[in-house]
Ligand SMILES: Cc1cc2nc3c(=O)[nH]c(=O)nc-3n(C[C@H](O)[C@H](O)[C@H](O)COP(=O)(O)OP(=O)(O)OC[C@H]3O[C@@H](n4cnc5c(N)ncnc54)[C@H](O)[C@@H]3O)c2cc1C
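What follows is a single chain, given as structure tokens, in the form predicted on its own.
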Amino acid sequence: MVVFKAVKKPIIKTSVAGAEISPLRPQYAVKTPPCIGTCPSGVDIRGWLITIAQAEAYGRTNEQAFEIAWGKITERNPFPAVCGRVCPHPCEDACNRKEKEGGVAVNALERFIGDFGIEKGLKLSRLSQEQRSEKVAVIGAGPAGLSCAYQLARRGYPVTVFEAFSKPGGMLRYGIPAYRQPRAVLDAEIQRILDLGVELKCGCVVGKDVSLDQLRREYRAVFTGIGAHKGLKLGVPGEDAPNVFTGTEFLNRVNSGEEVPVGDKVIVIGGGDTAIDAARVSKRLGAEVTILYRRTRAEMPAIKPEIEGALKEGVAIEFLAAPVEVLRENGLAIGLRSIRMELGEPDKSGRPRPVPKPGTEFDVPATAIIAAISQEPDFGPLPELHQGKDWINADRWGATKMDGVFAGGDDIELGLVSIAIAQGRFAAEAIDAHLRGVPLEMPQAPPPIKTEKMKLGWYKPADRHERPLLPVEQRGMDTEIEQGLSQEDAIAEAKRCMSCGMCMDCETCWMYCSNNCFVRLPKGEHYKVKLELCNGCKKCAEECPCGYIDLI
């Protein structure tokens, strides 16, 4: 690809064969599509989608294209099969194709490519064959810690991961039910990271079995990604009953294989993903389940398809209700006293503030109550990391105020799994720069492109391909609900990508140019412009469907 820059000259309008010559000239300029711009991991979504879509045009088999796509994803995210199942995919919400039939099903395609990588036994790539001597310790084998370990290991650093639980994965294993996140998929993607030479020590609690000071002495850098596994209490009388659980505690125990007796009537408090997961798991344990949420469905932060799935499975949701007291008998919770709410002015979250309505209390019987209102890190073994309301205070690269100590993931702030993966990568890049003594700069993304700079009418209508769902009557605790796309549907869905802001070899500029200014380059290099033949007619830029051409 050749990029031409403008040279400032006096504007002189002349004519050739009666046609006025414009001072404007075309310039190829890559833009940032909204899918990449909204992906916390910064994965080249456009790049790997177009790789699949153009496989035949570039003389590749479909499998070759899938492998290239897998490599593009895993440059920044070593968990494509995992994220293809649990990421709420903000990329799809921002996709420019939403202005037509709906955004490209990026999440379903990511899962397809991730599963392809597992099936074919694809290996993660190294950035260097150099074996460095500086050892790095990672505290926590969740998505942030494993992402950091991966990026360091591929740069040649010896990495040891210390994990308090008996198995790696963090919230991916202990917070997300198996019907959403199959354990075999999680294990396969973690094992690929370990295969790079990462050492894993499970059942080792830093701050108890080994001190943070000891790690700082023995390792040149330390990354902490301890997550936020401690559920918050309701703060109401009676909640210390043994059959009242926090959402994270309940899911951790169930996902660890422990039998948790909940009886036949469960109340879940909360409106986030943890609340929905706890409710659906309780349903699978045989209980009648009701969720109490203090706002309306419009304000629920849980992933919308998960809310819809819970409703289809028979979970009831009581909106505009909040707990005031756990009712007890003989020490056990037997019900929940709640109060009706109404929505007031927006609070700091931007959502309407729920306000209690005096005199509207009501009682609901229960055999178990699950408080899934929020969670926080457990700093018990590591009080030196706790910085008040900030939890762990780190800069954009994960550097903390402790020399050589970096952090990322939910112990900084609750967020998406893709955010944790990105923060692990940023910290790895910062650790690498710190140990090599080189400057660190955040790359600047090209300008964004939206639909007003594109020609949506050029793209043929194409319906979105959705993942089939397992019928409700066939769903169990370990049975995956969402099924994968077929290869045929995956390829067809990838072809819905409009390649916003990047050439896709559509030949439109070449066809509309009457002066033969455009010359096709070898595959992958697109076109070059013979500016000496250009009269500035503007047709190439005006007709480019993906907005790749600027006039300067």
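Quick caveat: nothing in here was measured; it's all calculated off a predicted structure. Note that residue numbering follows the sequence shown and begins at 1.
One more form of this protein, predicted together with the named molecule, exists but is not displayed; see below.
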query	finding
Stretch in contact in the predicted complex with the named molecule, which is absent here, among 330-338, 204-212, 349-357, 449-457 (heavy atoms within 4.5 Å)	204-212
Candidate spot P88, I303 and L382, all three touching the named molecule in the predicted complex (heavy atom, 4.5 Å)	yes
Close approach of R180 to the named molecule in the predicted complex, 4.5 Å, heavy atom	yes
Partner proximity in the predicted complex: A141 to the named molecule, non-hydrogen atom cutoff 4.5 Å	yes
The named molecule contact in the predicted complex: V417, any heavy atom under 4.5 Å	yes
4.5 angstroms heavy atom contact with the named molecule in the predicted complex for D410	yes
The named molecule: the contacting residue among C95, A164, I190, V315 in the predicted complex [heavy atom, 4.5 Å]	A164
The single option of G270, P78, G114, G225 touching the named molecule in the predicted complex, heavy atom within 4.5 Å	G225
Sequence-ordered list of residues in 260-290 near the named molecule in the predicted complex, where near means a heavy atom within 4.5 Å	D273, T274, D277
